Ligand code: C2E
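As a starting point, one isolated chain is supplied in structure tokens, in the form predicted on its own.
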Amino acid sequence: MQADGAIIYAAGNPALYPLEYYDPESGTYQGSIPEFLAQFAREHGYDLRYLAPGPEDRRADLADSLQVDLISGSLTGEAYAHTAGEPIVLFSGESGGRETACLLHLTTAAPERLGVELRAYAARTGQTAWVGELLASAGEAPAPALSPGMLWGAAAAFTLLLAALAAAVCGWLRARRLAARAELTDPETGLGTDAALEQAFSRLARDQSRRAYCLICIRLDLDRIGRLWGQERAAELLTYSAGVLREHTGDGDVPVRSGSGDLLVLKRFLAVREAQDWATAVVEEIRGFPFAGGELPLRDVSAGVCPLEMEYLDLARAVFHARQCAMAAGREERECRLCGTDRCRICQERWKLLTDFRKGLEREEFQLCLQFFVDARTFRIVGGETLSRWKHPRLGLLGPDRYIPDLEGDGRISALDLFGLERTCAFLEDLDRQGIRDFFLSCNFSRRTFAAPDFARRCIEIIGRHSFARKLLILEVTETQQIDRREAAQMLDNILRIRRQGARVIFDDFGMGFSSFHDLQDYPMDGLKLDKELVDNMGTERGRIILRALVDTGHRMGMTILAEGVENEEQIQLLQDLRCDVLQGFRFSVPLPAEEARKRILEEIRPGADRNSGGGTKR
């Protein structure tokens, strides 16, 4: 029915002071509910209007004739014709032994997207916040002259308000207790959290017996399993593995699901050899998970054992070393690897690099590079992907493979992602000043960064500091990290908020594994970047069939299709035949330092430049 910026009509309650009431001086509805709806409309791009405001309650008539999308100012027990789904609860309280709530009803005329967004927005506004707003608005504004109908409405509203206030206070106290408990317990596995591990480790740091403990990392490659077998199967493996861990731990042990997705255990052993045997037994039992094609390969589940010797007084360092050893064990197809100074020189160097990261950002050691995109038909440069390179003062110029995997595993990747966004926006603003307003730039974000609760707010702040056409900014969501259901819901909300700003969002490395097809169903996207492996394999008949299906599906959904890793003429011809829109790869451009890329853009696509010499873009 409506799209972004569309008009949404509401039927208001003229006599529910101070929640919602008709103000004859302004000829509008006033109160906490209209303010709530106005704020929602501003944030989500709607033009929300009350239909026919006046002293008479016309909600039933307007609902019956389907002239409105929304019925406002209702209390429990009120019913209307042509409503869709369950009413939206704004806040509730117990009055006279009954649960009473203030509600919004959606009519069958309302667009489906309005219902999804309004329910999510209402869910984020807690009971305590509603009560605070109501008390503030009732105390700040002088009460209007109340009609008999408004007297009844005010009595009902204040009864509900007092009941909600009591419920809010009790709920706040209960929520504090639950929050303290929830902070230490992972809801998906029932294991501890990073906070629980930090708490236990800090106590152990002062204990003389700390040398008897080991920190063990059980690494599950859930990202790979999710790509190959689907996210549901990966989630089942996680639950199964958590159960195995609980069976093998007891009082005094601290089993944890870390924020990076690994399983960690802080456990006391009589000898390091005993810790290795314990970790090997756990890995072998997890590998017994009923899986298609037999037991899990060691590259998908492996362990690292880090004895808590004196050099591991820092928890982050101990976790890093245990995880690196688990990854090394997987590469070596071993169940377990023991961490130690003699065996972990590479690990020590990687840890040093990780500790240099924050200073590297502050000193602007990270450099922006661009790899161009070209139009699949004309080979004309149309955009670029921003990439990072680290000019390390000691190690020289480092490619992303040297530091990004460790930043992802350690949870620091979001800082680099947002740093890249700032630089990308600044580059687009510079091009805009040069009169170039049809060249787009994309930048990469891990899924875990994209799923952070404050991600959309931080992105919007960065974008707002720069002047350029928002449609020229593309955020690429990478497949490198798995997220859980809660994070997936947050990622959807972030995608919607970013797209409302005018920027575009696409999937990177699309097409590998079942999760990609779930993504098409779950997330509204502007485009797909086909995985390089698909491009490499399209020389076979099966590869072309798969690729054609992906391109056709994307186009039917209104998406732009980009292909990466294009390196030869045969690939170009096949991608053109499949009607791919945009190409990227060494055949056209290597990653260039930002300043060199800027010069080339100004030479080739500055207004007035010859834009038909597509062959010049190839390398």
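All of these numbers come straight from a predicted model, not from anything done at the bench. Quick note: we count residues from 1 along the sequence shown, nothing fancier.
What comes next is about the form predicted together with the ligand, which does not appear here.
Taking a 4.5 Å heavy atom cutoff to the ligand in the model of the complex, the contact residue among Leu37, Val566, Leu70, Ile561 is Val566. With the partner removed from view, the residue among Met525, Ala503, Ile483, Leu387 that has a non-hydrogen atom within 4.5 Å of the ligand in the model of the complex turns out to be Leu387. Contact here is defined as any heavy atom lying within 4.5 Å of the ligand in the model of the complex, and by that definition not a single one of Asp221, His321 and Gly411 is a contact residue. Judged by heavy atoms within 4.5 Å of the ligand in the model of the complex, the contact stretch among the candidates 233-241, 255-263, 332-340, 444-452 is 444-452. Taking non-hydrogen atoms only, Lys532 approaches the ligand to within 4.5 angstroms in the model of the complex. Within this chain, Pro591 lines the site of the ligand in the model of the complex, having a heavy atom no more than 4.5 Å away. For the chain shown alone, Leu416 is a contact residue for the ligand in the model of the complex, at least one non-hydrogen atom being within 4.5 angstroms. Interface residue remark: Gly554 is not counted as part of the site for the ligand in the model of the complex, having no heavy atom within 4.5 Å. Shown here without the ligand, the chain has Gly585, Phe586, Pro591 in 572-596 lying with a heavy atom within 4.5 Å of that partner in the model of the complex.
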